[in-house]
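The chain that follows stands alone, in the form predicted alone, written as structure tokens.
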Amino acid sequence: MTSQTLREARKYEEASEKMITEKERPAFHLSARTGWMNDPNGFSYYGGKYHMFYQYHPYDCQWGPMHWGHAVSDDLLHWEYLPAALAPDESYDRDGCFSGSALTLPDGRHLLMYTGVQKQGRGNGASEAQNQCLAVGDGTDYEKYEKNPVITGADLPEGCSVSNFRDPKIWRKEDGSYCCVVGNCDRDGSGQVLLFTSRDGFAWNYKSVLAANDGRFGKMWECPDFFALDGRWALLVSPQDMLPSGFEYHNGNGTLCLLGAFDEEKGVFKAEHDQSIDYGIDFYASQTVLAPDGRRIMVGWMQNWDTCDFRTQKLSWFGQLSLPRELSVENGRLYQRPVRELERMRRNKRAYTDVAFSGELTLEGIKGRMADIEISVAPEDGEDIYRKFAVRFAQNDRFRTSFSFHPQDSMLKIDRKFSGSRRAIIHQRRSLANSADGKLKLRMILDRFSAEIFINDGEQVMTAIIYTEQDADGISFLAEGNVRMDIVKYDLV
């Protein structure tokens, strides 16, 4: 039975969605149907479609009591909204249906696993219980399991937090049994990921501490994901309150990829490599799905917690998800590339080869806010290495966002301080590139409100939201020194 709380949310979102025009939304990034969106949830393939759920407060563009919004897609780029799937309407989740995941059961039902939040007490004595819960449905309507919650604080070993215990990621093993990983922290506030097992997906047992932070990467670890990839195991988490390390982990609440080995019998993961997932400004809470063709595809919340109040336009939605990205392990690190489905949207190819220039440059036909742009840059033959190369986009006489490369110190920078901000929000991020002799490859994906820049065939990604007015659609180039550039640009429609 659909609760009154869920019926009201569905009625509200259906009416409110009609107030938002197509051009007020991203063209191919999933945004909130109405109100607030944060973490992607339940990213799964079910009934012949990709399903995406998301943390959702339909009634306001600010964070509030968490529901699960819902959308489906055939191609990961064009999304159809479905009615909200979950609402905080039971005693064990009355203060929020927090993040979780989904899979298909052998009997064909769609299983959702999420964190139910229940606040207890008031004032200084208040506490919060976060427990793991289930709901089962048909791809549109979901019924919460009568034995919820299925994993509680009573199932945790001594020293594990019961109030920071959230975001289960579930998967089914080849032998038909189930596992899930859940974010947690120990009594000292240091993040860890706990592993649980089940024979049927409904009755769960604690297995082990899969991985412990030991104070290395921030504090509480949110939104864990764990999977095999190209002969390695990957653990993705979003730690809170990270300290920078060189040019890694500059976002405070950031993203972390650990690659290593998994002792399945002991339930212990040993990390051998660490890196940021995204080196830009706006990316958090990643989640992956194993596509039917075997690709591991990842999305994230394309936002930074410290910039949630920045927006120049008054829109009835807040929050969007990143472009889905195909993952691989190459040269000992995580690589990301735009999903290949994006290439079907390419139109109006415009290409220039061996463009030699210094100073500022514009090229006929190179403009737009919905574009797929491939750029290769190198020093001019026989010349000293150039000092700087930059691309400026979402540009007019007042506004611009820029991406630049300084080859002498291999420094990349994304900069949106001239994109309409009236506040001292986060405007820049820097990263080190793996560049030889000033050569660099870029693929820039522009949507109405975002830029995602894939560097050296996906070795790194830098992401930023932008809310510059849509008539700022110019693209120009700047070189300090002599460079040679190839560029191919497509409109995305």
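Numbers for residues come from their place in the sequence shown, where the first is 1. It should be emphasised that the depicted structure is a prediction, and the values quoted were computed from it without experimental measurement.
Missing here is the form predicted in complex with a small molecule; even so, the following discussion is about that form.
Student: In the predicted bound form, does each residue in the set Gln55, Ser99 and Cys223 place a non-hydrogen atom within 4.5 angstroms of the small molecule?
Tutor: Yes, the whole candidate spot contacts the small molecule.
Student: Which one, Trp171, Tyr206, Trp305, Phe247, lies within 4.5 Å of the small molecule in the predicted bound form by heavy atoms?
Tutor: It is Trp305 that has a heavy atom within 4.5 Å of the partner.
Student: Within 4.5 Å, heavy atoms only, which of Ile465, Val461, Leu446, Met66 is in contact with the small molecule in the predicted bound form?
Tutor: Result of the distance check: Met66.
Student: With the small molecule left out here, work out from 451-459, 22-30, 35-43, 428-436 which stretch has heavy atoms within 4.5 Å of it in the predicted bound form.
Tutor: Comparing against the small molecule in the predicted bound form, the contact stretch is 35-43.
Student: Would you please decide whether Tyr284 lies within 4.5 angstroms of the small molecule in the predicted bound form, comparing each non-hydrogen atom pair?
Tutor: Although the small molecule is absent here, Tyr284 would touch it in the predicted bound form, with heavy atoms inside 4.5 Å.
Student: Since only the chain is shown here, I'm wondering whether Arg166 would be in contact with the small molecule in the predicted bound form (any heavy atom pair within 4.5 Å).
Tutor: Yes, Arg166 is a contact residue.
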